[in-house]
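Single chain ahead, by itself, as structure tokens, in the form predicted on its own.
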């Protein structure tokens, strides 16, 4: 897993914060450290390349030239030769900049969460417009799936948002949804992923169902 968000929430859940920015993903951009030199073990899950607040400087330091926009893809291609068959999950920052574009250029599939409310749906529409505009630059389709999260079956608005999402994005909307769930909300405070915190919770079951859906579609 790669934490590309300067807020470093994924790194916080892991609990092992890098002592310096050079020991985080920032070291890949600043010092050209190979990605596999930055990995830390995450027992029961795999490896994590942690984030650091210094990542916020990547946009201003490196600009938006082709070399930096393709940097993550090149780094992952090198790592893939060492770890054949290993999958990579990239946690992106919430704004479109050099880091997010790196992830888009490198990814085989994007999963775009839509919190089950109208404002989040409006945000997803803007993401769709941006991705459509980027595709001619990449000269390939950007494969993406929209994932409804915080899905509360007690609220009619939840189902209205789901219906509108399917009208807007069609088959790109996953049938799997992530329910509003206390275990998911609690797990970061406990410093755990939801599977370690409450493996039998509805939230853990939903994320496992997401994994199985992606596997059935050939993405894993």
Ligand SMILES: Nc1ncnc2c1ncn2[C@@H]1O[C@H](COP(=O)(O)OP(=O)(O)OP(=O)(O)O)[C@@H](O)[C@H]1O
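Residue numbers count along the first chain shown, from 1. As the structure is a computational prediction, the values presented were derived from the model and not from experiment.
Omitted here: the form predicted in complex with this ligand. The next part is about that form.
- How about residue 136: is it within 4.5 Å of this ligand in the model of the complex, going by heavy atoms? It does not: once this ligand is placed as it appears in the model of the complex, residue 136 has no heavy atom within 4.5 Å of it.
- Query: Does any heavy atom of residue 157 come within 4.5 Å of a heavy atom of this ligand in the model of the complex?
  - Reply: Heavy-atom contact with this ligand at 4.5 Å: absent for residue 157.
- Would residue 188 count as touching this ligand in the model of the complex under a 4.5 Å heavy atom rule? Result yes; residue 188 sits at the interface with this ligand in the model of the complex.
- Please run the contact check for residue 94 against this ligand in the model of the complex: heavy atoms, 4.5 angstroms, yes or no? Yes, residue 94 sits close enough to this ligand in the model of the complex that at least one of its heavy atoms falls within 4.5 Å.
- Task: Quick one: find which of 24-32, 190-198, 176-184, 158-166 has residues within 4.5 Å of this ligand in the model of the complex by heavy atom distance.
- Result: Result for this chain: 176-184.
- Looking at 150, 73, 125, 144, which has any heavy atom no more than 4.5 Å from this ligand in the model of the complex? Checking each option against this ligand in the model of the complex, the one that comes within 4.5 Å is 150.
- Message: Under the 4.5 Å heavy atom criterion, name the residues of 155-169 that approach this ligand in the model of the complex, in sequence order.
- Response: Heavy-atom contacts within 4.5 Å come from no residue here.
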